[in-house]
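Here's a solo chain for you in structure tokens, the form predicted alone.
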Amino acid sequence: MTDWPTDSADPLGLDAAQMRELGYWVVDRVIEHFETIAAQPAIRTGTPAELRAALGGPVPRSGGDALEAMRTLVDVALAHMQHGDHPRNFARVPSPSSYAGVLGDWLATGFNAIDASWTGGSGPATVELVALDWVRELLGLPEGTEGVTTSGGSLANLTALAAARAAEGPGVCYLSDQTHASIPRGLTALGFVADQVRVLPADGDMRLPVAALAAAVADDRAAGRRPGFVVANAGTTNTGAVDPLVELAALARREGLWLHVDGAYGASAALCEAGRRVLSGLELADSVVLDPHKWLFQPYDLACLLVARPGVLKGAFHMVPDYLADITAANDGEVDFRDRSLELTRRPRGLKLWLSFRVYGVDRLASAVARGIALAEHAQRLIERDEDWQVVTPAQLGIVTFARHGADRREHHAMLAGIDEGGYAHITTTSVGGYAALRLCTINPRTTECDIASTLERLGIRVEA
């Protein structure tokens, strides 16, 4: 029998009773948050001075009361933020996280788990591999597709494009003016120069036009440039638009282009029938990004990158420094996730997604996704009842944009001031094709039809027939 030492003198240790008391307090506060979120402000913003006064001060030289410090975090820090899980948070893309996802994150944090090498984290690595393969299957991507989790869509898209360029070599990247702003930024960070990034105007439906793309590819070839990559959208952040994926995939195959699909927002809609119809062709992509912390009800942060060409990620990111040589996968089914992105130290983000699939099942998750799509369609019907307002872009994948006739962005913003200031709901203004608009993103399954109607009424929209 191993003789383990028992005379630990951990200067940071707490006894079991203290840990339970503090831990149960945290659990109670989180459950209280879930139960009362609708009665809380959707957003609350403090001033730097008042927050510094409550949270700052001199460096603590000696320990204090843990419960008092945690109360300050809950009552001050966590009270001054946007609540992505609030049923009337319709701004940008909310994060309506589920309790099963929270539990998975707690377990990962409590066990101080890491998912960088197979030797150091074979269990968490297997969980991530399984969860990624479940996502692959639900999106219809081919067997053998490989993946990795990252913090969010920005880093996942950058990782995909870095891997694609490492595999294919330099080339021109084509995208529409509706592509998420993080992608041009990521291309710049990767060293793409100005004539290697072609931003094409979207068509009237806010989609990347195939004919214009084909013409741009031909122009670049004629000018001696190598066309290399196409970034398509599967649910734009602004309007929920989906590019013509089937046609883009056909063009990419003919021209030898890498087709990357940014589905950070919308790809999760493939879980339900209504979403699958809109997302036809997603399965033809060379790489796809999806953010489960958006529409798969995970707490921040979690994105999935899937690459249909095996070995591309490892080819781009593999490293074996001397101090890691003895924890390198033997290439017998093992995966070192440090070889699939720029991260070496990695949180095991897959645990919460795996647990959510196991707790809820795909059918319940799909039902929750379908509800988000239906809620935006419900909002559109209510807006259309008031002749002083118009729908700018129809409900698409849980997003609808609309405007009061003749109002500019400043006037729209003024309409939101009372709603945001009081915390009843959170909405954002936007611009669609140069047209000022308001925007609702309705992906929280806890949102009710009454939440939609009462929010629209506070904007001055007459929702009664």
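Here the structure is a predicted model, which is why all the values come from computation and not from measurement. Heads up: residue numbers just count along the shown sequence, starting at 1.
There is another form of the same protein, the form predicted in complex with a small molecule; it is not shown, and what comes next is about it.
- Checked against the small molecule in the predicted complex, the residues Y265, Y174, F90, F337 give one hit for a heavy atom within 4.5 Å, which is Y265.
- The listed set S280, S154, Q390, S367 contains one residue whose heavy atoms approach the small molecule in the predicted complex to within 4.5 Å, identified as S154.
- Per the 4.5 Å heavy atom criterion, the small molecule in the predicted complex is contacted by stretch 292-300, the sole one of 382-390, 292-300, 81-89, 367-375.
- The small molecule is not shown here, but in the predicted complex it comes within 4.5 Å of a heavy atom of H180.
- Proximity of T237 to the small molecule in the predicted complex: non-hydrogen atoms within 4.5 Å are present.
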